[in-house]
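Shown here is one chain on its own, the form predicted alone, set out as structure tokens.
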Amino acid sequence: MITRLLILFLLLLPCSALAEGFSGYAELKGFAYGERFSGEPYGAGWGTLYNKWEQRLAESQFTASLRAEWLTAPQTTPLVFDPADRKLRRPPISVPELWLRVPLAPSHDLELGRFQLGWGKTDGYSPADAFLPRDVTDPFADEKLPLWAIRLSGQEENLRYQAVLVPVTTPWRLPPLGSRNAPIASGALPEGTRFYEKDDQPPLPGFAALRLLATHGDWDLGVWARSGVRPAPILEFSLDPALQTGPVPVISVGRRYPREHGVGVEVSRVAGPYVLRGEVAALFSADRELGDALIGTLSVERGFGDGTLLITLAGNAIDPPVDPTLLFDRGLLPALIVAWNQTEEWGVWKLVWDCGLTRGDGLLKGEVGYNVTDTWKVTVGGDLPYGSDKGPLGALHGARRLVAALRRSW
């Protein structure tokens, strides 16, 4: 209730954009679904209050942000202390950023704290990024979760490097199984089957990674390696007799986090109006359900004025031991991803088409944002998953929706 009132107050409070160093927004978002789903209503709401503070401290830089949220759907935890996002559900208050960058020498920096990590060259799908933790509470938002980490980065002439140590595992956050947002179809389970998801503790250690890059003319080359706990869980289903007290079965769901090691090569080149990119990654795990993978991506990008058209093709040369949908980051492979983003004088628009090439499931997404003033913005759009309900996107039939959002920035 307090979060809802605060978001409404900041939406209505007369003020202009604040000075540099402090920024944020209040946003109200509404969803209208095409059908009811297992008792879930046709509509849902989501309110967000986000504030960010950036400050220079001599040669260092400090950044902190705080986010408060209110969701009508039961996808959040009560107000608990969860600074590393390790709980099963999304906390109503979180710290997306809290980091300090300290220069160690010219062109060499040390960052400590909580921040997002992104290494991929192919923006549509990258094997260098796919393992990173994501929050798919909203399955169409593709939100990366930040990490508690230490990062050393630097550059000498045309050579660059990054070394990252993540001491704490931040696991993927999934929607409640059996809900309209769950990317796993109920399949052959009896109608009305309920899931009991255990809020167990992921392993504490995270992973370590090293990336080396070099630029030569129009070419940009890179290699990377990482080793540690994979943040995407393996789900374990079981039937506990003690829970079978009603007319429908109750399936217990636990989470398991295997170790995984990986090496990758990435290359990109500017060719006239196009940017061509390619990545190959070999991933290794002794886990019997995860197995190994050889994932490759190719993409081409072209700018059109203030917009970009990006086409990405991604695939895995090794079939996983289990249904790939259960591995989440590899569920849609092989896939074709087309995204067009455009900035206009009045606002922005984008079109996205994700297409799974094995099961024929996919997602059509369209969105238009109109800048009413410098601080007010209205966004409308829609998400249309389609295709086989055995695929991760086709399983989201019940989540087809129209979206409208009102945002006030400062």
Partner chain sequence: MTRKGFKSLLLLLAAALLLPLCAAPALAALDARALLKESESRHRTKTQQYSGDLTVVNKEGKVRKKGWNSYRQGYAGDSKNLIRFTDPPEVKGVGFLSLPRPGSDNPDQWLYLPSMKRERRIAPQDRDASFVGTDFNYEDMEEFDHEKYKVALQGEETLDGQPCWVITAIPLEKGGKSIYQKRILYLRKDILYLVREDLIRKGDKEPAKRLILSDIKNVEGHYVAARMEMTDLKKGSHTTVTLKQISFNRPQPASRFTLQNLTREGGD
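Positions refer to the first chain, counted from 1. As the structure is a computational prediction, the values presented were derived from the model and not from experiment.
Absent from the display: the form predicted together with the partner chain. The rest refers to it.
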| query | finding |
| --- | --- |
| Non-hydrogen atom within 4.5 angstroms of the partner chain in the model of the complex for each of Ala32, Asp199 and Arg256 | no |
| Contact residue in the model of the complex, chosen from Asp109, Asp292, Asp323, Asp82 - any heavy atom within 4.5 Å of the partner chain | Asp109 |
| Listed residue (Arg180, Arg114, Arg277, Arg226) with a non-hydrogen atom within 4.5 angstroms of the partner chain in the model of the complex | Arg277 |
| Contact of Lys144 with the partner chain in the model of the complex (heavy atom, 4.5 Å) | yes |
| Contact flag, Phe237 vs the partner chain in the model of the complex, heavy atom cut 4.5 Å | no |
| Heavy atom of Asp218 within 4.5 Å of the partner chain in the model of the complex | yes |
| Contact test in the model of the complex: Ser153 vs the partner chain, heavy atoms, 4.5 Å | yes |
| Listed range touching the partner chain, judged in the model of the complex by heavy atoms within 4.5 Å, from 115-123, 202-210, 82-90, 245-253 | 115-123 |
| Members of 295-312 lying within 4.5 angstroms of the partner chain, judged by heavy atom, in the model of the complex | Glu301, Gly305, Asp306 |
